[in-house]
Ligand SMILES: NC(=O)c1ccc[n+]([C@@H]2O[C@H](COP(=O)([O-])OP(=O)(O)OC[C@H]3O[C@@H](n4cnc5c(N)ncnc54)[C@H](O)[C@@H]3O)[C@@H](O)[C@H]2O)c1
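Consider the single chain below, provided in structure tokens and representing the form predicted alone.
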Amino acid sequence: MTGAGHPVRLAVIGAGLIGRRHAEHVANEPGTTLTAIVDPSPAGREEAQRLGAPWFASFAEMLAAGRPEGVVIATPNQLHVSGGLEAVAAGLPAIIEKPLADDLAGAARLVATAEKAGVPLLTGHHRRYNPMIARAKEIVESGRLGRILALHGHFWLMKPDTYFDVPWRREEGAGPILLNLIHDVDLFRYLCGEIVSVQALSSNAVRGHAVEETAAILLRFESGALGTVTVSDSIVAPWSWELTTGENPAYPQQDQGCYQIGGTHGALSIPQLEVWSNRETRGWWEPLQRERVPFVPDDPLKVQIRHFCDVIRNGAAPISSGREGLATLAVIDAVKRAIRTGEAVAPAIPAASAA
């Protein structure tokens, strides 16, 4: 809910693939008005014209013309910190697409600056807003599964050769760990708590690019639970969030799972939301029962925009705050360090002063 009054005025910075999706949601949501698209490219101008919104080449030009109530920053990763700092300096609440930054120090500086200024900062980990994940979190926190002992996640799919025609996708700063696994890790933290130790291996045996194509990761949670995750953008398979949830219609949906969470009294499969448990006595010879937990689907990007409006107008606490995005990025940084060193690594957020 956004409260009474006129629609919340939002601008979208960046008109790439995800920026265009954000802009469409803002333009079509009854509780919001798309006040601007900021992107210096001809494609940005064309998108603004298509949606009937003002176009600006820079953040400064947009502010000079009129002030929105919040901004969605969907620029390339290396511009997230500078764009976020511009928004904070202007006192504008912001959603910043994941990853929050392309390096941990920059992300820590951005979050510290926003917190000191009292400007709400959200990270675009939109999967947290999926109603299916909200129900999964309820199941885990209700105790139905007992004590959580293990989690397993898959990200297996095939990115076509043409995907790598863009040079930066072959270099450090790309790869499925940073670009894809970061979403999964954020959900693992959201569902099962903080991750305190990481071990990992990676390979680029097929394509030979500078960045990994396959990785195997072992996670230790603060609760004592253990997680195993395998990620690859070079496997033809149906087991990934993208191909199982139907969240993005661009991917052909499969009737398979991508995560399993196991506890002393039951196990949960995602996205099916099937809870497996014994009917009476727990044991391997005892009958298992399967219950599919219902939920009402909705587009998480749309739900995220509605929540952002609630943060702006009503002071709601962000579901995926800048600090949450920073903590998730710290786990990804730990994965990268574990691959380099061959050792167990504890995620660590560097100390940072406000800009």
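One rule holds for the numbers: they count along the sequence shown, beginning at 1. None of the values given here were measured: they were computed from a predicted structure.
Not on display, but discussed next: the form predicted in complex with this ligand.
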property	result
Candidate spot Gly16, Leu79 and Gly124, all three touching this ligand in the model of the complex (heavy atom, 4.5 Å)	yes
Partner proximity in the model of the complex: Ser202 to this ligand, non-hydrogen atom cutoff 4.5 Å	no
Contact test in the model of the complex: Gly84 vs this ligand, heavy atoms, 4.5 Å	no
In the model of the complex, Pro40 touching this ligand (heavy atom, 4.5 Å)	yes
Touches this ligand in the model of the complex: Glu97 (any heavy atom, 4.5 Å)	yes
Proximity to this ligand in the model of the complex, single hit among Ala136, Ala108, Ala225, Ala74 (heavy atom within 4.5 Å)	Ala74
Listed residue that, although this ligand is not shown, lies within 4.5 Å of it in the model of the complex (heavy atoms), from Arg189, His154, Arg128, His183	His183
In the model of the complex, segment of 229-237, 98-106, 210-218, 259-267 with a heavy atom within 4.5 Å of this ligand	98-106
